[in-house]
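In structure tokens, one chain follows: the form predicted alone.
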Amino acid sequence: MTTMQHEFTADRQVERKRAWSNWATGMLFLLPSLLLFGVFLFYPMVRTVYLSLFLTDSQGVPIVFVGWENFLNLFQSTSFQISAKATALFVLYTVPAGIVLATALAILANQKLRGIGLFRTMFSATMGMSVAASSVIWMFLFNPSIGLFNRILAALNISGVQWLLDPQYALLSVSIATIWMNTGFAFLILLGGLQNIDQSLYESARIAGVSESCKLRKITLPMLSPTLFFVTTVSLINAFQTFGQIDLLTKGGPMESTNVIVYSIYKDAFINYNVGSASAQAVLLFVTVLVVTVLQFKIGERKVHYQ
């Protein structure tokens, strides 16, 4: 009996050593990633939350602990309310329109036609362009003197529009440019999703005499729903984080009509040197994106049909 107990104890020690060795090996493989995430993600996140509770000097060094005062000041600030409204409108303008456009282009490009590869390349070309280069192109298109859009209006005997200088049109103009910039990525992902749909479903529908519109509603969109769910989630997050085209096209103007929260954070932190307020805005933006993403998974995933 004693011998059996010794053998059992020895076996347990061997298993523990093996488990410890496996854990240590796994942690060694994870260590580079953990270091990168810790330095560039987790530490900045914790530091931002910490700074949001303080008044800081011009270099971002915390001076006085104020608790929730930075957050209360934001909710009472007219400028922040304008930024929140601009952000919400920007998301509403860009995400639904961008997904609908990318889906339509993907369905068209999925047809088996001669030369369709050229159109696929054209539709996805925006993915290979930087935000800076794309913004310069749209800056010329929106130019009130030499821009293409105002030339078209002039040819139709319609007075020109100050696309980026009029508060009534500035946010919509930036949204149009953003939709164009983001369409290439969404198009490629959706096209890949369409090409993964089992073609036997379409063959069965063709034999049954099902119309094209019915195929779209009953086969294409349900089978594409996992890809649409992914594209929608990514597009929502990207829309809340948009910065480059805002900075290059309007710099948050005119009259703060395009001063989305991300650009407001940038101005408070690096122009006004109010790091405490900027950190509080960053925390609120993070919470907003988190809530929207959770709701997207809770509500949107119910309508996803996995094969």
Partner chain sequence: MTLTVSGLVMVFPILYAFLISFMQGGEVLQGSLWPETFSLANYVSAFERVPLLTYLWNSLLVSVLIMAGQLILCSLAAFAFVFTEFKGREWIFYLFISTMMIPWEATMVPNFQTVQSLGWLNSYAGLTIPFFAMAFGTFLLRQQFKTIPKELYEASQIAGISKLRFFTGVVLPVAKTTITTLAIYSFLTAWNMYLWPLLVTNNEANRTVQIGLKQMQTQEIASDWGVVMAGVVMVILPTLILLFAGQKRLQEGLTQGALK
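Take the two forms, find the largest set of C-alpha atoms that superpose within 1.5 Å, and that set is the rigid core. Positions refer to the first chain, counted from 1. In this text the structure is predicted, and so the values were computed from the model without any measurement.
Below, we refer to the form predicted together with its partner chain, which is not included among the displayed structures.
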Checklist entry - Can you check whether F230 is within 4.5 Å of its partner chain in the predicted bound form, heavy atom basis? => result yes
Next on the checklist: Is I189 near its partner chain? Define near as a heavy atom within 4.5 Å, in the predicted bound form.
Outcome noted: yes
Next on the checklist: Using a 4.5 angstroms cut-off on non-hydrogen atoms, would I207 count as touching its partner chain in the predicted bound form?
Outcome noted: no
Checklist entry - Is P254 one of the residues lying within 4.5 Å of its partner chain in the predicted bound form, judged by heavy atom distances? => result no
Checklist entry - Candidate spot N22, P32 and N143, all three in 4.5 Å heavy atom range of its partner chain in the predicted bound form? => result yes
Item to check | Contact segment among 106-114, 87-95, 212-220, 72-80, judged by heavy atoms lying within 4.5 Å of its partner chain in the predicted bound form | outcome: 106-114
Checklist outcome for this item: If we test each of S235, N150, S175, T183 for a heavy atom within 4.5 Å of its partner chain in the predicted bound form, the one that passes is T183
Next on the checklist: Just to make sure I understand: among 232-261, which residues lie within 4.5 Å of its partner chain in the predicted bound form, judging by heavy atoms?
Outcome noted: Q241, F243, G244, D247, L248, K251
Item to check | Core superposition between this form and the one not shown, C-alpha change of F297 at least 2 Å | outcome: no
Next on the checklist: How about A19 - superposed on the rigid core, does its CA move between this form and the one not shown by 2 Å or more?
Outcome noted: yes
